[in-house]
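Single chain ahead, by itself, as structure tokens, in the form predicted alone.
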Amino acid sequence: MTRTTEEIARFCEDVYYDLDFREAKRSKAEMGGFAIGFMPVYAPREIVHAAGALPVGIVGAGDWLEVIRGDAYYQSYLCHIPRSTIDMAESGRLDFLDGMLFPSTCDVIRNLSGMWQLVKPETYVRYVDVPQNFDDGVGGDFWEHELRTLGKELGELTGTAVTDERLRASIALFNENRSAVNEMYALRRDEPNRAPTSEVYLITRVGFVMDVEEHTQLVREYIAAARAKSPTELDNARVVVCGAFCEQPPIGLLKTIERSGCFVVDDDMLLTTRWFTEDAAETGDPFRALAHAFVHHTVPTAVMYAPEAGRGKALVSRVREARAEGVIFAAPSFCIPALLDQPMLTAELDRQEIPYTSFKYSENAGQFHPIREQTGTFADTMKLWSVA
């Protein structure tokens, strides 16, 4: 039976709100009984998959968990995602995970890897220290070594060795998945009335708890359904959302932005799914292929080193490519990478006369009326006076 976009999004929203991770547990059992969690922004999911384990994205508990235990571990002036992650661990919701990967997003996530070892000493834990030098002989060699070490350790954990053949097969599957997700994002960019961000986000997010092949099929099903429907034509302002790469905004906030008169035509949410701007090679040494893709074809983001003007120019290119009229900086409260990046980005937007506005949020925010007023006014202003 063919599902509509609304029906597919409703299924994904049920998964989004499920803090018991039933979808992840089902996929884990079907894949062989191992699951490795990973925190934003990036993790080498291909290595996890090649080791016979399900990679599970842990991106906080959103706005439907009252955090109590997690507050005992962190100060009040830090972002919310480490609190909800620890709270889920302490409450047993993440007991199905056999390990956790903590990428070098910021000092908070680095610290969270140590906290996890205190809370879950029986599980595998690895701090994933990604390169900040993008020379093949420096960052490339370093990252290849890290990937080989991770593959060896995960293979010993699951009993499934990460052979070149298995890893090449996993790379091909994730290349295909990224292609499908990019196609969905292109559809949203070109016809956002067919594929609103509140749906595209949910479709992408469910891939964090689902086997990659199954998720690719789901994305393609959604694309076909979106192209088949007859959407309402809206004259909304086209915007790029920037700064939401780690702690995720509540789905209610995304819906609020849309209801205020904005089409989100590009964003930096859930970047793990779209981390490579070009496919990793499916031939040759697969570890080297992943290292090469990382140092040469990585999406620009605040957690990676770049010359001062580099990310600003990259943001302007994204705005131009998406035919956006302005930028909304939506950063989690106390997110140091996002907030330190903003002045460099806004300086370039000022030079290019691209309008922007900004606000901060928390994953557990529940009131969005002020944001609706702000983004609605921003949309009206761009429609009336923008020259971008």
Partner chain sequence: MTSIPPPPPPGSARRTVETDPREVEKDRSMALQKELIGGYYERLSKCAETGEKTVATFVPGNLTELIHCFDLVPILPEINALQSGMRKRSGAFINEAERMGHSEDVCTYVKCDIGMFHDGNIGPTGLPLPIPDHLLLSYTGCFTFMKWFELLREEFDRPSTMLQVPYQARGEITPEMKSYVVKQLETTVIPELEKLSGVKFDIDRLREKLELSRRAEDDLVAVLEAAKNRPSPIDSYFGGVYYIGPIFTAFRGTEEGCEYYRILREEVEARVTAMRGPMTPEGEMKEERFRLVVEGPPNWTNFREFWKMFYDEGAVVVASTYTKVGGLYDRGFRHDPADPLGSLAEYCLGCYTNLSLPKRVELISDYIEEYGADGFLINSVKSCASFSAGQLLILREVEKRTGRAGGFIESDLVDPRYFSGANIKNRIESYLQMVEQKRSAGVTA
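Everything numeric here is computed off the predicted structure, so don't read it as measured data. Numbering follows the first chain given and starts at 1.
What comes next is about the form predicted together with its partner chain, which is not displayed.
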item	value
Interface segment, criterion being heavy atoms within 4.5 Å of its partner chain in the model of the complex, picked from 166-174, 195-203, 310-318, 278-286	310-318
Site test, V108, F334 and M344 vs its partner chain in the model of the complex, non-hydrogen atom cutoff 4.5 Å	yes
4.5 Å heavy atom contact, S91 and its partner chain in the model of the complex	no
Contact of G114 with its partner chain in the model of the complex (heavy atom, 4.5 Å)	yes
Partner proximity in the model of the complex: G155 to its partner chain, non-hydrogen atom cutoff 4.5 Å	no
is_contact(R126, its partner chain) in the model of the complex, heavy atom dist at most 4.5 Å	yes
Neighbours of its partner chain in the model of the complex among 138-173 [non-hydrogen atom within 4.5 angstroms]	V138, G139, D141, F142, H145, E153
